[in-house]
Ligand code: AMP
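Below you will find one chain, with nothing else, as C-alpha coordinates; this is the form predicted alone, and questions on how it binds or moves follow later.
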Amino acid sequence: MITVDEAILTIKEQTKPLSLEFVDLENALGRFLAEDVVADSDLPPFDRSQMDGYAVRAADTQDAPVQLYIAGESVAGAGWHNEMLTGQAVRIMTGAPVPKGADAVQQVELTRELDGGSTVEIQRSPDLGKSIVRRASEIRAGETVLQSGEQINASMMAVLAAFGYAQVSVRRKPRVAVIATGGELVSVSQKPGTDQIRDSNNYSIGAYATLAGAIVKLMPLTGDSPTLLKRQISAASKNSDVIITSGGVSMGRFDFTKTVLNELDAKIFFERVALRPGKPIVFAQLPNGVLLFGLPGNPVSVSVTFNLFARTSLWAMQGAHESALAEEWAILERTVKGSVDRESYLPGRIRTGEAGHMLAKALNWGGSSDFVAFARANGLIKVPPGVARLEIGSTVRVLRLPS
(Lines give C-alpha, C1' and ligand atoms only; values in the text may rest on other atoms or scores of the structure.)
Protein backbone atom coordinates (compact mmCIF):
# COMPACT_ATOMS: atom_id res chain seq x y z
CA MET A 1 0.00 0.00 0.00
CA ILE A 2 1.43 3.39 -1.05
CA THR A 3 0.77 6.92 0.19
CA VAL A 4 -1.38 9.49 -1.59
CA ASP A 5 1.71 11.51 -2.53
CA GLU A 6 3.42 8.42 -3.95
CA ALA A 7 0.31 7.59 -5.97
CA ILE A 8 0.11 11.12 -7.41
CA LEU A 9 3.81 11.06 -8.30
CA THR A 10 3.37 7.71 -10.10
CA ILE A 11 0.40 9.06 -12.05
CA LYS A 12 2.36 12.14 -13.14
CA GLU A 13 5.29 9.97 -14.23
CA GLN A 14 3.08 7.68 -16.32
CA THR A 15 0.91 10.38 -17.92
CA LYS A 16 2.11 11.77 -21.23
CA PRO A 17 0.91 15.10 -22.72
CA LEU A 18 -1.52 14.82 -25.61
CA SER A 19 -0.91 16.20 -29.09
CA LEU A 20 -1.10 19.91 -29.90
CA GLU A 21 -3.92 21.63 -31.71
CA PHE A 22 -5.00 25.18 -32.47
CA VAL A 23 -8.43 26.43 -31.39
CA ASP A 24 -10.17 29.69 -32.22
CA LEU A 25 -9.97 32.21 -29.41
CA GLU A 26 -13.70 32.03 -28.73
CA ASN A 27 -13.28 28.31 -27.97
CA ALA A 28 -10.18 28.63 -25.80
CA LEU A 29 -11.82 29.23 -22.40
CA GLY A 30 -10.82 26.52 -19.93
CA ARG A 31 -8.10 25.05 -22.16
CA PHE A 32 -4.43 24.87 -21.18
CA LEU A 33 -1.88 26.98 -23.03
CA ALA A 34 0.69 24.94 -24.96
CA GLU A 35 2.85 27.99 -25.69
CA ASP A 36 3.94 31.16 -23.96
CA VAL A 37 1.89 34.21 -24.89
CA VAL A 38 4.14 37.10 -25.91
CA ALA A 39 3.11 40.74 -26.27
CA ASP A 40 3.37 41.90 -29.89
CA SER A 41 3.12 45.57 -28.90
CA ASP A 42 3.58 47.91 -25.97
CA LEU A 43 0.62 48.23 -23.65
CA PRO A 44 -0.65 50.84 -23.72
CA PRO A 45 0.71 51.47 -27.22
CA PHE A 46 0.77 55.24 -26.59
CA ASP A 47 0.46 57.69 -23.69
CA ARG A 48 -3.23 57.36 -22.83
CA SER A 49 -5.67 59.55 -20.92
CA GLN A 50 -7.34 58.01 -17.88
CA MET A 51 -10.35 60.30 -18.00
CA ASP A 52 -12.33 62.90 -19.92
CA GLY A 53 -10.85 66.37 -19.61
CA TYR A 54 -8.13 68.56 -21.11
CA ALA A 55 -4.53 67.72 -21.93
CA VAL A 56 -2.32 70.58 -20.77
CA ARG A 57 1.22 71.59 -19.93
CA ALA A 58 1.27 71.51 -16.13
CA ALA A 59 3.55 74.57 -16.04
CA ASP A 60 0.88 76.59 -17.88
CA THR A 61 -1.60 76.00 -15.05
CA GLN A 62 0.51 76.91 -12.01
CA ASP A 63 -1.39 80.18 -11.50
CA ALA A 64 -4.84 78.54 -11.85
CA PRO A 65 -7.46 79.50 -12.60
CA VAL A 66 -6.03 80.14 -16.06
CA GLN A 67 -7.50 80.27 -19.55
CA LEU A 68 -5.96 78.24 -22.39
CA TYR A 69 -6.74 78.14 -26.09
CA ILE A 70 -8.34 74.83 -27.21
CA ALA A 71 -6.12 73.70 -30.07
CA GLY A 72 -7.95 70.48 -30.90
CA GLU A 73 -9.61 67.31 -29.68
CA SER A 74 -8.30 63.79 -29.08
CA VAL A 75 -10.77 60.91 -28.86
CA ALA A 76 -10.31 57.14 -28.63
CA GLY A 77 -9.49 55.89 -32.11
CA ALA A 78 -8.88 59.38 -33.50
CA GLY A 79 -6.08 61.21 -31.74
CA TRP A 80 -4.87 64.81 -32.25
CA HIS A 81 -1.40 64.26 -33.67
CA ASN A 82 0.09 67.74 -33.60
CA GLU A 83 2.42 69.17 -30.98
CA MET A 84 0.65 71.17 -28.31
CA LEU A 85 2.28 74.55 -27.66
CA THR A 86 2.55 76.72 -24.56
CA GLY A 87 -0.79 78.31 -23.69
CA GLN A 88 -2.77 75.61 -25.45
CA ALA A 89 -5.00 72.75 -24.27
CA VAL A 90 -6.49 69.80 -26.12
CA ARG A 91 -9.93 68.45 -25.33
CA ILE A 92 -9.38 64.72 -24.57
CA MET A 93 -11.52 61.67 -23.87
CA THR A 94 -10.85 58.57 -21.77
CA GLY A 95 -8.54 56.16 -23.61
CA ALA A 96 -7.46 58.72 -26.20
CA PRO A 97 -3.80 59.42 -27.08
CA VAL A 98 -2.20 62.25 -25.13
CA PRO A 99 -0.78 64.75 -27.65
CA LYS A 100 2.92 65.52 -27.85
CA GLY A 101 3.80 68.44 -25.59
CA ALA A 102 1.16 67.68 -22.93
CA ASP A 103 2.30 66.35 -19.56
CA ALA A 104 -0.95 66.27 -17.55
CA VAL A 105 -4.70 65.83 -17.96
CA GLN A 106 -7.15 67.81 -15.86
CA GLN A 107 -10.54 66.20 -15.38
CA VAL A 108 -13.48 67.92 -17.02
CA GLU A 109 -15.19 68.57 -13.68
CA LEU A 110 -12.42 71.05 -12.77
CA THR A 111 -12.73 73.03 -15.99
CA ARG A 112 -15.22 75.09 -17.97
CA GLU A 113 -15.27 76.13 -21.60
CA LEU A 114 -15.55 79.82 -22.50
CA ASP A 115 -15.92 81.93 -25.64
CA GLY A 116 -18.14 79.45 -27.40
CA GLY A 117 -15.75 76.60 -26.83
CA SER A 118 -12.58 78.25 -28.12
CA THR A 119 -10.93 78.49 -24.69
CA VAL A 120 -11.05 76.51 -21.47
CA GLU A 121 -10.63 77.69 -17.91
CA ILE A 122 -8.48 75.31 -15.85
CA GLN A 123 -9.74 75.93 -12.33
CA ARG A 124 -7.11 73.90 -10.48
CA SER A 125 -3.54 73.07 -11.48
CA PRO A 126 -2.97 69.34 -12.10
CA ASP A 127 0.18 67.59 -10.89
CA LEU A 128 2.77 66.67 -13.48
CA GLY A 129 1.73 63.39 -15.15
CA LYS A 130 -1.78 63.45 -13.68
CA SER A 131 -4.25 61.05 -15.31
CA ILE A 132 -1.78 59.86 -17.96
CA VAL A 133 -0.98 56.17 -18.41
CA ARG A 134 2.44 56.09 -20.03
CA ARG A 135 3.23 53.97 -23.05
CA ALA A 136 4.46 50.44 -22.13
CA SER A 137 3.78 51.08 -18.43
CA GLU A 138 1.78 47.81 -18.31
CA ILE A 139 3.82 45.60 -20.65
CA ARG A 140 6.53 45.99 -23.29
CA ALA A 141 6.53 44.31 -26.70
CA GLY A 142 8.36 40.98 -26.53
CA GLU A 143 7.56 40.29 -22.88
CA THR A 144 5.86 37.02 -21.85
CA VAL A 145 2.43 37.76 -20.44
CA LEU A 146 1.02 34.22 -19.99
CA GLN A 147 2.94 30.97 -19.64
CA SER A 148 2.52 27.55 -21.19
CA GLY A 149 0.60 25.28 -18.83
CA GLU A 150 -1.71 27.97 -17.49
CA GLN A 151 -5.44 27.32 -17.76
CA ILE A 152 -7.18 30.02 -19.75
CA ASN A 153 -9.74 31.83 -17.60
CA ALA A 154 -12.17 34.60 -18.55
CA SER A 155 -9.79 37.44 -17.70
CA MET A 156 -7.01 35.88 -19.79
CA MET A 157 -9.25 36.00 -22.86
CA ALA A 158 -8.77 39.78 -22.96
CA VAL A 159 -4.99 39.35 -22.87
CA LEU A 160 -5.03 36.86 -25.74
CA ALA A 161 -7.28 39.11 -27.81
CA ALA A 162 -5.22 42.25 -27.12
CA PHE A 163 -2.07 40.63 -28.49
CA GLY A 164 -3.63 39.12 -31.58
CA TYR A 165 -4.02 35.46 -30.61
CA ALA A 166 -6.97 34.72 -32.88
CA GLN A 167 -5.96 31.07 -32.60
CA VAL A 168 -4.43 29.55 -29.49
CA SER A 169 -2.09 26.57 -29.21
CA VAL A 170 -3.43 24.03 -26.70
CA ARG A 171 -3.28 20.29 -26.13
CA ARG A 172 -6.28 18.33 -27.29
CA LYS A 173 -8.93 17.27 -24.84
CA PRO A 174 -8.53 13.78 -23.37
CA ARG A 175 -11.15 11.20 -24.39
CA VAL A 176 -12.53 9.37 -21.36
CA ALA A 177 -14.68 6.23 -21.27
CA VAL A 178 -16.60 5.59 -18.05
CA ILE A 179 -17.70 2.08 -17.04
CA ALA A 180 -19.71 1.20 -13.91
CA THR A 181 -19.64 -2.37 -12.61
CA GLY A 182 -21.92 -4.16 -10.16
CA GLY A 183 -24.85 -6.51 -10.46
CA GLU A 184 -26.95 -4.27 -8.20
CA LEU A 185 -26.95 -1.38 -10.67
CA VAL A 186 -29.78 -0.45 -13.00
CA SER A 187 -30.18 2.45 -15.38
CA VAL A 188 -31.18 5.82 -13.96
CA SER A 189 -34.40 5.61 -15.98
CA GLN A 190 -35.43 2.32 -14.34
CA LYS A 191 -37.14 1.74 -11.03
CA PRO A 192 -34.83 -0.43 -8.92
CA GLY A 193 -36.09 -3.85 -7.97
CA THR A 194 -35.34 -5.70 -4.76
CA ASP A 195 -31.66 -5.36 -3.79
CA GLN A 196 -31.00 -2.98 -6.69
CA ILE A 197 -29.95 0.68 -6.89
CA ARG A 198 -29.73 3.18 -9.72
CA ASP A 199 -26.32 3.85 -11.23
CA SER A 200 -24.96 7.16 -9.97
CA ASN A 201 -21.20 6.71 -10.35
CA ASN A 202 -21.22 7.03 -14.14
CA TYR A 203 -22.81 10.46 -13.84
CA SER A 204 -20.59 11.84 -11.10
CA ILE A 205 -17.44 10.56 -12.84
CA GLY A 206 -18.69 11.91 -16.17
CA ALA A 207 -19.40 15.31 -14.64
CA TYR A 208 -16.03 15.54 -12.89
CA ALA A 209 -14.23 14.45 -16.06
CA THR A 210 -16.08 17.08 -18.08
CA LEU A 211 -15.07 19.74 -15.54
CA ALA A 212 -11.49 18.49 -15.93
CA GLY A 213 -11.67 19.24 -19.66
CA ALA A 214 -12.34 15.74 -21.01
CA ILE A 215 -14.65 14.48 -23.73
CA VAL A 216 -16.70 11.81 -21.97
CA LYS A 217 -18.43 8.66 -23.17
CA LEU A 218 -20.58 6.69 -20.74
CA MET A 219 -20.41 2.98 -21.51
CA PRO A 220 -23.22 0.44 -20.82
CA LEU A 221 -23.38 -1.16 -17.39
CA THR A 222 -21.44 -4.43 -17.09
CA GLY A 223 -23.13 -5.98 -14.06
CA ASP A 224 -20.92 -8.58 -12.37
CA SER A 225 -19.76 -10.16 -15.62
CA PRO A 226 -15.97 -10.28 -16.09
CA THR A 227 -16.53 -11.25 -19.73
CA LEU A 228 -18.65 -8.18 -20.37
CA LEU A 229 -16.23 -5.95 -18.45
CA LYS A 230 -13.32 -7.26 -20.51
CA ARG A 231 -15.29 -6.64 -23.70
CA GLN A 232 -16.19 -3.08 -22.63
CA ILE A 233 -12.60 -2.19 -21.69
CA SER A 234 -11.29 -3.62 -24.97
CA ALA A 235 -13.85 -1.66 -26.99
CA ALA A 236 -13.26 1.57 -25.06
CA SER A 237 -9.49 1.33 -25.41
CA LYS A 238 -9.70 1.72 -29.20
CA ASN A 239 -10.73 5.38 -29.08
CA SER A 240 -9.99 6.58 -25.54
CA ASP A 241 -7.04 8.06 -23.71
CA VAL A 242 -8.32 7.11 -20.28
CA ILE A 243 -10.80 4.51 -19.04
CA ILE A 244 -12.38 4.99 -15.61
CA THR A 245 -14.25 2.12 -13.98
CA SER A 246 -16.07 2.11 -10.67
CA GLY A 247 -16.54 -0.89 -8.40
CA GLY A 248 -14.94 -4.30 -8.50
CA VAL A 249 -11.50 -3.33 -7.17
CA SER A 250 -11.63 -4.71 -3.63
CA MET A 251 -10.98 -8.28 -2.46
CA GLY A 252 -14.46 -9.84 -2.75
CA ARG A 253 -15.61 -12.76 -4.90
CA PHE A 254 -17.26 -10.37 -7.37
CA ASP A 255 -14.36 -7.92 -7.65
CA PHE A 256 -13.18 -8.78 -11.15
CA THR A 257 -11.44 -5.62 -12.35
CA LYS A 258 -7.86 -6.66 -11.53
CA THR A 259 -8.47 -10.14 -12.93
CA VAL A 260 -9.71 -8.65 -16.20
CA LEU A 261 -6.74 -6.28 -16.37
CA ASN A 262 -4.33 -9.17 -15.94
CA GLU A 263 -6.10 -11.04 -18.75
CA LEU A 264 -5.67 -7.95 -20.94
CA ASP A 265 -1.91 -7.86 -20.14
CA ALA A 266 -2.28 -4.48 -18.45
CA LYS A 267 0.54 -3.11 -16.31
CA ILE A 268 -0.77 -2.35 -12.82
CA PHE A 269 1.16 0.44 -11.09
CA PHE A 270 -0.72 0.33 -7.78
CA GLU A 271 -3.92 -1.17 -6.39
CA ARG A 272 -4.17 0.17 -2.85
CA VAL A 273 -3.53 3.63 -1.39
CA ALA A 274 -3.32 4.60 2.29
CA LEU A 275 -6.40 6.78 1.92
CA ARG A 276 -9.71 7.24 3.72
CA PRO A 277 -12.12 6.97 1.99
CA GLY A 278 -10.92 5.11 -1.09
CA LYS A 279 -8.18 2.61 -0.17
CA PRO A 280 -8.87 0.12 -2.99
CA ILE A 281 -8.00 1.95 -6.23
CA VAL A 282 -6.24 0.61 -9.29
CA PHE A 283 -4.03 2.58 -11.65
CA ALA A 284 -2.96 0.65 -14.74
CA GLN A 285 -1.93 0.95 -18.36
CA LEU A 286 -3.21 -1.22 -21.20
CA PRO A 287 -0.75 -2.53 -23.82
CA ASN A 288 -1.81 0.18 -26.30
CA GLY A 289 -0.90 2.94 -23.81
CA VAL A 290 -4.42 3.76 -22.60
CA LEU A 291 -4.48 4.56 -18.88
CA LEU A 292 -7.10 3.01 -16.60
CA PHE A 293 -8.31 4.08 -13.20
CA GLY A 294 -10.30 1.48 -11.29
CA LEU A 295 -12.14 3.51 -8.65
CA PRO A 296 -14.01 2.03 -5.67
CA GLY A 297 -17.75 1.50 -5.86
CA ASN A 298 -18.95 3.70 -3.01
CA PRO A 299 -19.97 7.13 -4.37
CA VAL A 300 -17.99 9.29 -1.93
CA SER A 301 -14.87 7.19 -2.50
CA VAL A 302 -15.45 7.66 -6.23
CA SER A 303 -15.51 11.46 -5.87
CA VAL A 304 -12.46 11.58 -3.62
CA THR A 305 -10.31 9.21 -5.68
CA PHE A 306 -11.31 10.79 -8.97
CA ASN A 307 -10.32 14.26 -7.83
CA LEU A 308 -7.08 13.15 -6.22
CA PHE A 309 -5.91 10.81 -8.98
CA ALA A 310 -7.87 10.68 -12.26
CA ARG A 311 -8.23 14.46 -12.47
CA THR A 312 -4.48 14.83 -11.94
CA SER A 313 -3.85 12.61 -14.98
CA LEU A 314 -6.41 14.45 -17.14
CA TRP A 315 -4.85 17.82 -16.34
CA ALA A 316 -1.34 16.47 -16.92
CA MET A 317 -2.43 15.21 -20.35
CA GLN A 318 -3.50 18.74 -21.20
CA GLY A 319 -0.14 20.17 -20.16
CA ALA A 320 -1.25 21.82 -16.93
CA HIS A 321 1.64 23.51 -15.13
CA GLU A 322 0.41 21.95 -11.87
CA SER A 323 -2.05 19.12 -12.34
CA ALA A 324 -2.89 18.04 -8.77
CA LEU A 325 -5.50 19.84 -6.68
CA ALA A 326 -3.95 22.80 -4.90
CA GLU A 327 -3.88 22.75 -1.11
CA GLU A 328 -4.69 25.67 1.19
CA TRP A 329 -4.60 26.26 4.94
CA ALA A 330 -7.86 26.59 6.89
CA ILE A 331 -9.09 26.70 10.47
CA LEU A 332 -11.43 23.94 11.62
CA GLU A 333 -14.94 24.94 12.66
CA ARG A 334 -15.87 21.41 13.76
CA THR A 335 -13.93 18.52 15.31
CA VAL A 336 -12.82 15.79 12.88
CA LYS A 337 -11.58 12.24 13.34
CA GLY A 338 -8.62 10.76 11.50
CA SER A 339 -7.26 7.28 10.92
CA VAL A 340 -4.41 5.34 12.47
CA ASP A 341 -2.76 4.19 9.24
CA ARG A 342 -4.37 6.20 6.45
CA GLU A 343 -4.52 9.80 5.31
CA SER A 344 -8.09 11.10 5.55
CA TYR A 345 -9.77 13.38 3.00
CA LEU A 346 -13.07 14.30 4.60
CA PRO A 347 -15.92 16.18 2.89
CA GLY A 348 -16.40 19.70 4.18
CA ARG A 349 -17.55 23.24 3.50
CA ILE A 350 -14.75 25.73 2.88
CA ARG A 351 -15.44 29.44 3.30
CA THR A 352 -13.74 32.74 4.06
CA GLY A 353 -14.46 34.11 7.54
CA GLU A 354 -15.08 37.72 8.53
CA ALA A 355 -11.42 38.19 9.46
CA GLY A 356 -10.33 36.93 6.05
CA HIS A 357 -9.19 33.54 7.32
CA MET A 358 -10.12 30.35 5.47
CA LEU A 359 -12.51 28.23 7.54
CA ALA A 360 -13.38 24.54 7.11
CA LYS A 361 -16.35 22.69 8.56
CA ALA A 362 -16.55 18.92 8.21
CA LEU A 363 -19.94 17.65 7.06
CA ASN A 364 -22.05 15.26 9.04
CA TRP A 365 -21.84 12.26 6.75
CA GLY A 366 -22.44 8.57 7.19
CA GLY A 367 -19.40 7.19 5.38
CA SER A 368 -18.28 6.49 1.84
CA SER A 369 -21.79 5.61 0.61
CA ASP A 370 -23.40 8.86 1.83
CA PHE A 371 -23.45 10.74 -1.47
CA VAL A 372 -26.41 12.89 -0.38
CA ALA A 373 -24.36 14.55 2.36
CA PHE A 374 -21.34 14.75 0.05
CA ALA A 375 -23.41 16.75 -2.45
CA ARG A 376 -23.01 19.76 -0.09
CA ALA A 377 -19.20 19.49 0.03
CA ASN A 378 -17.10 22.07 -1.77
CA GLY A 379 -13.79 20.82 -0.44
CA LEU A 380 -11.85 18.05 1.28
CA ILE A 381 -10.29 18.35 4.73
CA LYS A 382 -6.93 16.58 4.91
CA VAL A 383 -6.06 14.77 8.15
CA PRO A 384 -2.58 13.19 8.35
CA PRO A 385 -2.27 9.46 9.20
CA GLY A 386 -1.87 8.66 12.88
CA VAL A 387 -3.92 11.70 13.97
CA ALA A 388 -6.96 10.36 15.78
CA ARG A 389 -8.71 13.69 16.28
CA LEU A 390 -8.38 17.37 15.43
CA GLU A 391 -10.23 19.88 17.58
CA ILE A 392 -12.06 23.08 16.64
CA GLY A 393 -9.52 25.83 15.93
CA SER A 394 -6.88 23.46 14.58
CA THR A 395 -5.13 24.47 11.36
CA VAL A 396 -5.55 21.95 8.54
CA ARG A 397 -4.83 21.56 4.85
CA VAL A 398 -7.86 21.68 2.56
CA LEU A 399 -8.45 21.05 -1.14
CA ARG A 400 -11.24 22.75 -3.06
CA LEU A 401 -13.42 20.48 -5.18
CA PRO A 402 -14.11 21.53 -8.79
CA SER A 403 -17.44 23.26 -9.31
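The numbering used is simple: start at 1 and walk along the sequence shown. Keep in mind it's a predicted model, so treat the numbers as computed, not measured.
Although it is not shown, the form predicted in complex with the ligand is what the next lines describe.
Discussion item. Considering non-hydrogen atoms and a 4.5 Å limit, which listed residue (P126, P299, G206, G213) is close to the ligand in the predicted bound form?
Written reply: When the ligand is considered in the predicted bound form, the option within 4.5 Å is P299.
| Which residue among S131, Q151, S237, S250 has a heavy atom within 4.5 angstroms of the ligand in the predicted bound form? | None of the other options qualify; the answer is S250.
Self-check item: Whether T181, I197 and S246 all lie within 4.5 angstroms of the ligand in the predicted bound form by heavy atom
Solution: Every residue of the spot touches the ligand in the predicted bound form.
Work out which of the listed stretches, 184-192, 70-78, 83-91, 325-333, brings a heavy atom within 4.5 angstroms of the ligand in the predicted bound form.
-> One stretch meets the cut-off, namely 184-192.
Is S303 near the ligand? Define near as a heavy atom within 4.5 Å, in the predicted bound form. No, no contact at 4.5 Å.
So in the predicted bound form, does any heavy atom of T312 sit within 4.5 Å of the ligand?
-> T312: no, not in contact with the ligand in the predicted bound form.
ask   = Would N201 sit within 4.5 Å of the ligand in the predicted bound form, counting heavy atoms only?
value = Within the cut-off, so yes.
If we define contact as a non-hydrogen atom of the residue within 4.5 angstroms of the partner, is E271 a contact of the ligand in the predicted bound form?
Taking the distances in the predicted bound form, the answer for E271 is no, it never comes within 4.5 Å of the ligand.
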